[in-house]
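In the block that follows, a single chain appears as structure tokens, in the form predicted on its own.
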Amino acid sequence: MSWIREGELNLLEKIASNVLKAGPMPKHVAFIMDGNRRFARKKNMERQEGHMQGFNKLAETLRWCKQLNIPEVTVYAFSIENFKRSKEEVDGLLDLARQKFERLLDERENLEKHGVCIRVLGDLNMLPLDLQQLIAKAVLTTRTNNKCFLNVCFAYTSRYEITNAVREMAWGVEQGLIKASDVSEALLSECLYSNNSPNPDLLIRTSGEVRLSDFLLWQTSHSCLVFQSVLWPEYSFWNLCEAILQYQLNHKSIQKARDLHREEQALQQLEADRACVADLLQHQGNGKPADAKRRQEALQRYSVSREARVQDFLQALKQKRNNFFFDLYSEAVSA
């Protein structure tokens, strides 16, 4: 099954789509694609076939999202916790991933035609080397496409992602790129695997489970969460419409919460900068208080220098992550 499925909506679906698009539409939707194994049991088929049906449904859902003008989708494909499943099932899931990323590389012209950029979020070092290399090829092959984005969370949990972001900031301090005082909530967000994407507007989980299962915990604090009872392989266009309608009904309150959070972040950063400047002026002035004008000038200089440090650090972090993919790609080509 192709990653990109062609086809148009039927008349009723087009009408529903146009009605929905008259309201606020999510720009980024995340999916916890749950229920593949239960679907397999329900249909008396092998687990692997259930996972295959789940991938086919993903391809179909991506088509719906494209036709609904949703440019970004993030999916929970393989949790770090999945390694605890039976060896047979884990090997089957990894084999399926190999097949699908190989198919993706075969479809690069179609992906380019539709402008699809593939990103893979997670600790790829946990995966077999040949799969790492396939993923690196897929990511680098599509990296310049910019019409729509598919983020595949693979060997991923949110707590691991947050822990890794803390490690990245510690690395920046050790390298002298940033100061410990530069560490902030906003900087941590920039160190997540998902730093190239806006936070999801809407998160959908299927199969009736009402938990996030360690998926995008940081990013979805101000997202609309929709839990649906349908098993993922049975997901329909109408299920997606229902979830979008829930988002639209809650859009104003979600937007208000996001705006308030941005204001709070800015205020926290200002207070942190003021505290750092106060310490600097105290040391420079031998304990004598500085006048208001001097404090304001020092605050402006400090804010500019901090922002420059942070940008240099983020550029170094981006280069480090890019090098990881380029090194894998080079190894694959030379093998």
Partner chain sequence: MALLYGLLWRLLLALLRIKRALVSWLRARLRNRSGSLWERVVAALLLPAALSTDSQKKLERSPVNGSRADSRRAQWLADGRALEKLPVHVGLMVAEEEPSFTDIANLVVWCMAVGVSYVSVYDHHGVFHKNNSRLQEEIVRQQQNLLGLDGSKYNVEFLSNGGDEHQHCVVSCRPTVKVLSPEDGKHSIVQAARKLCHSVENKERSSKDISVSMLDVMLRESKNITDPELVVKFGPVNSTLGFLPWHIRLTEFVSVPSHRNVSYEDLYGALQRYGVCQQRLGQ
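What you are looking at is a predicted structure, and each value in this text was computed from that prediction instead of being measured. Positions refer to the first chain, counted from 1.
If you look for the form predicted in complex with its partner chain, you will not find it shown, but the lines that follow are about it.
In the predicted complex, its partner chain stays beyond 4.5 Å of every heavy atom belonging to Phe101. Its partner chain is not drawn, but in the predicted complex it has no heavy atom within 4.5 Å of Phe237.
Its partner chain in the predicted complex comes within 4.5 Å of a heavy atom belonging to His222. Looking at Gln67, you'd find every heavy atom of it more than 4.5 angstroms from its partner chain in the predicted complex. Although its partner chain is omitted here, in the predicted complex none of Lys42, Asn110 and Thr141 has a heavy atom within 4.5 Å of it. Of the candidate stretches 132 to 140, 155 to 163, 113 to 121, 67 to 75, only 155 to 163 has residues with heavy atoms within 4.5 Å of its partner chain in the predicted complex. Contacts between 23 to 44 and its partner chain, taken as any heavy atom within 4.5 Å in the predicted complex, involve Gly23, Pro24, Asp34, Arg37, Arg38.
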